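Only one chain is given next, in structure tokens, and it is the form predicted alone.
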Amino acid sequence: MVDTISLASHSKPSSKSADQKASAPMHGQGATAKTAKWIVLGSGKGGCGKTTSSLNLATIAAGDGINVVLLDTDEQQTLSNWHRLRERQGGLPSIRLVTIPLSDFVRAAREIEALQGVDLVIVDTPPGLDNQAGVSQLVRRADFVLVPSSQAKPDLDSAVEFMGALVNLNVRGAFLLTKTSQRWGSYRMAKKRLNGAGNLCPVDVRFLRDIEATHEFGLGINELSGAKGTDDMESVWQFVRKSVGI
């Protein structure tokens, strides 16, 4: 849970200062190359849709001609397993993968910055996020943090707490409501609560079998012919794209 990593204990900076940027190496000294945008999928709880959202945003962005790197910081390597399945497919937009634990984030950042032509880095994070130093470096590095949550109370509690930590660190972000069932009363209550606690992506992601099936094939929802949920994820991508200025 977020309270175990005490993210909110950091003092709130007025801007991303040079000291903050030095906490994790970014964009080589004096570099003139285009700077990649970093999007982090983070929350204090597992099972809320971080990995599923990461891979689907990556495939949609890649389909738009954006050079994407996925960073898998979860030692369970669910995203990496998906990527291995993807490599067996043919004729798909290229998505590069870096797999390095969150505890070694500084090395991960350096490795990504050594890559050429990167437009966008999408980071999947582990459940729990109990590595205080790694989490702090990662979210401070982010241009935008998406905080996924289902409409279940434990997910909402964790997401709201995590967003509070981001606000305290002056990090831009938004909630993303996932695995939704709009027929349930908890859906309306979840939207009300998240809207009251911070910025909420205006489009939620429905609880659909097709979206979950992306893990089985190494594909994104936009690459599954006739799949339900493509509009959901494409709309989330448009929100994220606008938010980070890609």
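Just so we're clear, the structure is a prediction, and the values are computed from it rather than from any experiment. Start at 1 with the first residue shown and count on from there.
Separately, the form predicted in complex with a small molecule exists; it is not shown, and the next lines address it.
S.K.: Could you tell me which one of 99, 168, 76, 103 places a heavy atom within 4.5 Å of the small molecule in the predicted bound form?
M.R.: Exactly one residue meets the criterion: 76.
S.K.: Of the residues 208, 197, 203, 189, which one places a heavy atom within 4.5 Å of the small molecule in the predicted bound form?
M.R.: Looking at 208, 197, 203, 189 one by one, just 208 meets the 4.5 Å heavy-atom criterion.
S.K.: Which of 47-55, 217-225, 63-71, 181-189 has heavy atoms within 4.5 Å of the small molecule in the predicted bound form?
M.R.: Of the stretches listed, the one contacting the partner is 47-55.
S.K.: Although the small molecule is absent from this view, report whether residue 127 comes within 4.5 Å of it in the predicted bound form, heavy atoms only.
M.R.: Within the cut-off, so yes.
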